[in-house]
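Starting off, we have a lone chain in the form predicted alone, written out as structure tokens.
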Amino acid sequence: MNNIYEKFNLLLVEENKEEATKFILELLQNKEIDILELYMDILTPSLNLMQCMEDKRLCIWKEHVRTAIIRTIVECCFPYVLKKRDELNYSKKGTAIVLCPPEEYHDLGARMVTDFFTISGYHAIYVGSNTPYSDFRNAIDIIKPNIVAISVSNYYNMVVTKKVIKEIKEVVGYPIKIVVGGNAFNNDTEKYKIVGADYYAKTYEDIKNIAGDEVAL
């Protein structure tokens, strides 16, 4: 696995989107790597452990390019997500909505978590970054999700996340579960309690364990 990560990371450093995508898809096609191994052991470290060794003025640029390459790979991998879901054949568990709070634009982690929910047996809906609360609130009555997962990367968005969770729980008339994750929680996994969430999740195993607690409405 280390050799795969090192080769992939070199392609990212070179910003070689074409070869990086081909490399990963060939590994999946040849069953040299599992979709869950890819997400947890290759893609997640590639996002979180990036080091900018060049002109600091280019760091944000390079981070965005790297994120764009990995996002392309994630979207290309969706058939393997469905294949893994069918292989594991968990019972269907209702609907999970994955979103980012207002003013949160780092959403690739949320996109990957959506696939974890899909694999775990949920009808998973990825809403995306900077989700306006009013629009989401209006949709809850119709969609009636079992789980709402909120991804927060920027610590300064914790306040609005707490407000969103409080309002959701006040207006929803059934036992909805709120899951949070993202870099804003990584240095203290107990922070989920501060914002009023029911669970903190970082890995597929976390999502699977949460899914085991859920019963479809």
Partner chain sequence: MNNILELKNIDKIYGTDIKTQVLYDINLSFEQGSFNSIIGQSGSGKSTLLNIIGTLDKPTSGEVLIDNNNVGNMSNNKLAAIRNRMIGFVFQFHYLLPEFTALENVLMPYEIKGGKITKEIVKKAEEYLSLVGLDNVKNNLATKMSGGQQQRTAIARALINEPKIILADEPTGNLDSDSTENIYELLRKINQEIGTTFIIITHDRKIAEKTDRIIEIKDGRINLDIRK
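Every value quoted in this text rests on a predicted model; they were computed, and no experiment measured them. Positions refer to the first chain, counted from 1.
Another form, the form predicted in complex with its partner chain, is not on view; read the next lines as being about it.
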Name the stretch, out of 38-46, 61-69, 159-167, 24-32, where some heavy atom lies within 4.5 Å of its partner chain in the predicted complex.
-> 159-167
Identify whether its partner chain in the predicted complex is within 4.5 Å of every residue in the set Phe78, Asp86 and Arg111, based on non-hydrogen atoms.
-> no
With the partner left out of view, is Ile194 within 4.5 angstroms of its partner chain in the predicted complex by any non-hydrogen atom?
-> yes
Heavy atom of Asp141 within 4.5 Å of its partner chain in the predicted complex = no
Answer for Asn154 alone: is it within 4.5 Å of its partner chain in the predicted complex, judged on heavy atom distances?
-> yes
According to a 4.5 angstroms non-hydrogen atom cut-off, is Glu103 in contact with its partner chain in the predicted complex?
-> yes
